[in-house]
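Shown below, as structure tokens, is a lone chain in the form predicted alone; questions about how it binds or moves come after it.
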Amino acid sequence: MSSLPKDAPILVTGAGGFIGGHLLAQLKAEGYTRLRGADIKPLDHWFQRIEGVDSRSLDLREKQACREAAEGMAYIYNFACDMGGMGFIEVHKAECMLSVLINTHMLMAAREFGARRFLYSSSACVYAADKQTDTHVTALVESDAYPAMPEDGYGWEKLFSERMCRHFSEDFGLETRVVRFHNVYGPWGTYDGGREKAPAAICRKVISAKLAGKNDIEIWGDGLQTRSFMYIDDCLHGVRSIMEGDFSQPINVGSSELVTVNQLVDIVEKIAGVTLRRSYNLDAPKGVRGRNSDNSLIRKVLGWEPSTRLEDGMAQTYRWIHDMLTGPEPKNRFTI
């Protein structure tokens, strides 16, 4: 897949997290030899630890930590940020905003050490709220980020950091790439503890109900809100293709398979072989009413778009979370 030489020096920040851990595992499996990972979590709390990777526990909000991470690296994938699902970002706005320090200091370090390319992981939360008020949402194109009205806190930080990437390219010649993720899910992700997103949370709730012999599940909101969800394998293909390609503007990387939350629960119930009585918590965090990815641009740029069916990706995710909850030492590995 990759056009990069196997000895290319590659840094992945957020390496102890979901996407970063998967990317390092994939690169290592393909024979890349100069891989470095950095994450704020202690090494024994990383989601995946890949043998042969230079793994460093660093607080990338600090300038010197970013310098240590970036020194000698030619390609930087910046996935590091303080984030989670709606249950987290709606009540930790200041903490999410502080992630601007990560991208600021990482860009400065990338420039200082002469990195060839820098990829920033943005989010669909940058899109204007007034374009996401209906469940039958028109899929969001990249220009819908302006006039700016992003998700308060987390979305503003992402949009500001996108602009910073743009200006580092314009003013300093640093080649940057910006990908806007739409709800990435899959195995080896957070499924408990408050930062989990809807696919993992629903899997956990259904599994827990089934194991306990209960017949109930709580849904946040009325279940009619709509989203699209992208499987991790598609995410990795997208980010690597954008990093190595020539397109330098912000671009959607997400599935266009729109479903309601109720339909997502239907899929998980089918996988589990159960039907649960649903109660709807209308006071819980639920985000915008509808959001979907318009993939016209990525199809034009790459001749490709995320295509893993939600049913297939959720089956993989369900099995992994089930194994985590029922193994010899059931636990949530992912909270500090």
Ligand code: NAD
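Quick caveat, the model's predicted, so the values are computed rather than measured. Position 1 is the first residue in the sequence shown; the rest follow in order.
Separately, the form predicted together with the ligand exists; it is not shown, and the next lines address it.
Engineer: Please identify, from 182-190, 217-225, 132-140, 68-76, the stretch that has a heavy atom within 4.5 Å of the ligand in the predicted bound form.
Structural biologist: Result of the contact check: 182-190.
Engineer: State yes only if every one of Y231, I251 and N295 has a non-hydrogen atom within 4.5 Å of the ligand in the predicted bound form; otherwise state no.
Structural biologist: Checking in the predicted bound form: none of Y231, I251 and N295 is within 4.5 Å of the ligand.
Engineer: Contact with the ligand in the predicted bound form for E162, defined as at least one heavy atom pair within 4.5 Å: yes or no?
Structural biologist: No - in the predicted bound form, heavy atoms of E162 and the ligand never come within 4.5 Å of each other.
Engineer: Would L58 count as a contact of the ligand in the predicted bound form, using a 4.5 angstroms cut-off between non-hydrogen atoms?
Structural biologist: Judged by the heavy-atom cut-off of 4.5 Å, L58 is in contact with the ligand in the predicted bound form.
Engineer: Is I19 close enough to the ligand in the predicted bound form to count, meaning some heavy atom within 4.5 Å?
Structural biologist: Taking the distances in the predicted bound form, the answer for I19 is yes, it comes within 4.5 Å of the ligand.
Engineer: Report yes if any heavy atom of K158 sits within 4.5 Å of a heavy atom of the ligand in the predicted bound form; otherwise report no.
Structural biologist: Residue-level check for K158: yes, a contact with the ligand.
Engineer: Looking at I40, L35, L276, I267 here, can you tell me which has any non-hydrogen atom within 4.5 angstroms of the ligand in the predicted bound form?
Structural biologist: Spelling it out, the residue with a heavy atom inside the cut-off is I40.
Engineer: Would you mind picking the one in L236, M83, L174, M149 that has a heavy atom within 4.5 Å of the ligand in the predicted bound form?
Structural biologist: Selected option: M83.
Engineer: In the predicted bound form, which residues of 104-139 put a heavy atom within 4.5 Å of the ligand?
Structural biologist: If the 4.5 Å heavy-atom criterion is applied to the ligand in the predicted bound form, 104-139 yields S121, S122, S123.
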